[in-house]
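Form predicted on its own, single chain, as structure tokens, below.
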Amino acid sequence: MPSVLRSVEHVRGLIQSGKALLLAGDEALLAQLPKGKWIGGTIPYFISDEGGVCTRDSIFVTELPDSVVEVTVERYDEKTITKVYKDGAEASFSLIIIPASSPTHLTFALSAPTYPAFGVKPLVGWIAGVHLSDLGKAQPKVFDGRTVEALTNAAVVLRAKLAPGKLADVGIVNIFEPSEGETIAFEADGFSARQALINGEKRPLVDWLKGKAIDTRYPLVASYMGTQVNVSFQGVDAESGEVTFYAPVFAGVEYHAARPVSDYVKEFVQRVPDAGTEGIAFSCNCILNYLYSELEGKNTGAFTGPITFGEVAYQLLNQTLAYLVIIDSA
């Protein structure tokens, strides 16, 4: 399925021809597009066919394949996002985009696994962001192609019904593994913490990070129902003692510091599923992987797409590549 960087003029033509699209790009570009069957989110970072790139001059286009026979667009906020799984139709998949740090984003991140029908039907997508030089100056936005509205607090969802004989499956590629060091647990769910249970002993989290010389470029890793899931560090305030995260930590879950990774691309290639990359309909990768692993100009094979402020593979993820494949049901 075509997933490429295109000019505004080219994308405008695709929309006017009736194509169903998932779009990523600068707000000024997305705002120039006509109404149609599309959703979009703001971000200027991408993995293209030629490798990682930052551009405000092109839109990244993911065009839905011929196996999609019907498309609808829906919109949710922090009060209605609980229905995002339940509303998915049979024999379909859903693509979701949410603006970073919006109430909808925070609510979804904290509570998605408790929503009705969680994990029953494929849901994949990403968290919209801004150029890093615009942090604190510009708000991430999502676009509803039905109206071309730019929204700062909404989840836009494209529902795609598949032709008979086709199935969609969501996967992740996570290069991080837990170290064999202490276990870290938390007494409450949230995006920040001052205290943690280190091997069962309550201690200031900042003191533990400093004492162990933990490299906060690497995430905490935990097993969520058998899948390794990351929680990335956002900031460490030594004065206040507060540690903030890009995704929530959950009470009762045991975390470990991740093992360092010396060569991202090498590790990534080794972890691509044995089934290969045939049938990829969508993928996205994390801005922290882009930065810390210096992915600009580096190629990650068939996995092209937006570089994001968070990934969704059923629930919110960090420092992970999320993807969706369409396969024959046989």
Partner chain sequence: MNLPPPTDPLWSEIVTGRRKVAFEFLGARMLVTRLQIAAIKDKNPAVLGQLAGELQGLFAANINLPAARNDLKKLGF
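All figures in this text were calculated on a predicted structure; none of them were measured in a lab. Numbering follows the first chain given and starts at 1.
If you look for the form predicted in complex with the partner chain, you will not find it shown, but the lines that follow are about it.
Annotated contact segment (heavy atom within 4.5 Å of the partner chain in the predicted bound form): 119-127, selected among 119-127, 71-79, 212-220, 139-147. Contact check at 4.5 Å (heavy atoms) against the partner chain in the predicted bound form: none of Q16, L106 and V157 pass.
Proximity of D169 to the partner chain in the predicted bound form falls within the 4.5 Å heavy atom cutoff. Using a 4.5 Å cutoff between non-hydrogen atoms, S329 counts as a contact of the partner chain in the predicted bound form. The closest non-hydrogen atom of F191 lies beyond 4.5 Å of the partner chain in the predicted bound form. In the predicted bound form, Y224 approaches the partner chain with a heavy atom inside 4.5 Å. G252 is the sole member of P260, G235, P164, G252 with a non-hydrogen atom within 4.5 Å of the partner chain in the predicted bound form. Between the partner chain and the residues V11, L317, I307, L22, the one pair within 4.5 Å by heavy atoms in the predicted bound form involves L317.
Along 101-118, residues P113, T114, F118 each place a heavy atom within 4.5 Å of the partner chain in the predicted bound form.
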